[in-house]
Each structure stands twice: as structure tokens, then as C-alpha cells.
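Okay, so here's just one chain, in C-alpha cells, the form predicted alone.
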């Protein structure tokens, strides 16, 4: 489960947003949409904690795995400085991923870097012959990354930006409510907590359930430290579940949004 992965490419997609491709055949063979890797970002133990990064794409033939991330602090800044041919120490794939449908249309809702796990899900669904409809929103056009790659998948995309620079002006949740959903199509979403909270409320009003990939800070990535616990409903009670080990994918209706 611990791998020394060679860096195959490091692409800057937008200010502070990078796509990293690794040669990691065992990870590529095992990874499922919605799972993640815990990545050591430097060659030393400083920073001590690994960073959780969703598996963004897999090429099993080449043994390659892509990760999408934003530079937000020292750890990810160090990761962005890592050079081609160098090796990264990674743990995974980890977590419980999405329930991939066998057939029929699917709806994906991505906010910002929520596209990271959903792109992998879209790839797998298209390989199975599913029709894929994506609602994708961000603050501006330049943060709507992987547009060319999404186009190559042959999926239908509805765009939303806060500043109106591409697609509808407003949030991706507002866009979804405007366009509506195909009947009975399963819904999958990933993005920042405020977006997921708003989407959960909208889907509840529509009488629809969904699977959400949650974002939380993680310490260990394997459930030992319990630093990423979230409150969920269990029958009439509330319990805490670990995003890393029990998730990161949960049903939208079971998460307690506070």
C-alpha cells in the first residue's frame, strides 16, 4: 500500500492549480473512482503530515495515475516544485469510493477542484457506455480546468462561473436547479462544503438522493487519528464517521450539514 511513484509530468493548469501524473502501476490497477492517495510532499519528514489527493484519472495500460491539486500552503508548494523523474512516496488507494452505475445516464456536479474525483468517475462511466451529464462551476473561467479533456470524453457539460466569464453567471447549484435533472439518473457531487450543503438542500427539495465526496483535513488517512470525523445520521441518532476510512463518499441525505 506504500508506493514509490515516479513523477511523469507536472502541469500548471491555472494559477496555483496543478495536475501531477505518476508512474504507479499497482495504484493504477487498484484505484476506483472516489478514492484518494496520501502523498508525502517533500523528500524529508518536513512537513510531517501527508496530503490527501483524490485520484483524478487512471491509465492502467501505462500504469499512470493523475492527481489534481491546488497550492494552498507549504506542503502543496513543495509538491509543485518536485521535478520530473523524481519519486514521491504515496499511500493508497484509500477510502470508499463512488458506487459506479452499470448502465443509464449519470449526473455529476463539480464545484472548483471537486472535478478531481469526478473526472475519474466520468472516465469510467464513459468506458461502460453511460451517458454523462456534468454541471461544473468555479469562481472564474480559468479555474474551470480540464475542459479539453472533458470534451474528449464526449460528455455534456453545463458551465457556471461566479463572474460570468464562462457559462451561466452564478453557482453550479443555481445552474442545476435551472436546468433540472433527468428522471432517475443517479447524482454524484464533489466540491467545497458550502456548495455541497446547498446542493443537498436542493436535491432534498427535488426528492433526489446523491453520493457526495467530502473534503476534510486528514492526519493519517487510514482512520486511526479520527481527525476527519463528520456527523452523520444513523436511524434516529447521530454518529461520527471518518471521512478517510468510512468515506470520503457518503450519501447526501445522511450528512448533517452544520
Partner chain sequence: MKKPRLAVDLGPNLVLKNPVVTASGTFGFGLEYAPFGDLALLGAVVIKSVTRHPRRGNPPPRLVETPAGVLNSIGLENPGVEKVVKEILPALRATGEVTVIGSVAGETVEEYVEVSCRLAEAGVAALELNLSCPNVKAGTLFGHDPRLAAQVTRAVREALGDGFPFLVKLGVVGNDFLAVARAVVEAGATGLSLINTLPGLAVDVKRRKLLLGQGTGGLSGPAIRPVALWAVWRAYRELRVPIIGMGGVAGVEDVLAFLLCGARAVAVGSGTLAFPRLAWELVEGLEQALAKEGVEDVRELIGMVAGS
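Positions refer to the first chain, counted from 1. The structure displayed is predicted, hence computed values, not measured ones.
There is also a form predicted together with the partner chain; it is not shown, and the following applies to it.
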{"property": "Contact residue in the model of the complex, chosen from 27, 195, 68, 218 - any heavy atom within 4.5 Å of the partner chain", "result": "218"}
{"property": "Contact of residue 222 with the partner chain in the model of the complex (heavy atom, 4.5 Å)", "result": "yes"}
{"property": "Partner contact for residue 63 in the model of the complex: the partner chain, 4.5 angstroms, heavy atom", "result": "no"}
{"property": "Heavy atom of residue 145 within 4.5 Å of the partner chain in the model of the complex", "result": "no"}
{"property": "Contact label in the model of the complex: residue 49 to the partner chain, heavy atom within 4.5 Å", "result": "yes"}
{"property": "Partner-proximal stretch of 27 to 35, 53 to 61, 210 to 218, 196 to 204 relative to the partner chain in the model of the complex, 4.5 angstroms, heavy atom", "result": "210 to 218"}
{"property": "Heavy atom contacts to the partner chain in the model of the complex at 4.5 Å, residues of 1 to 40 in sequence order", "result": "1, 2, 40"}
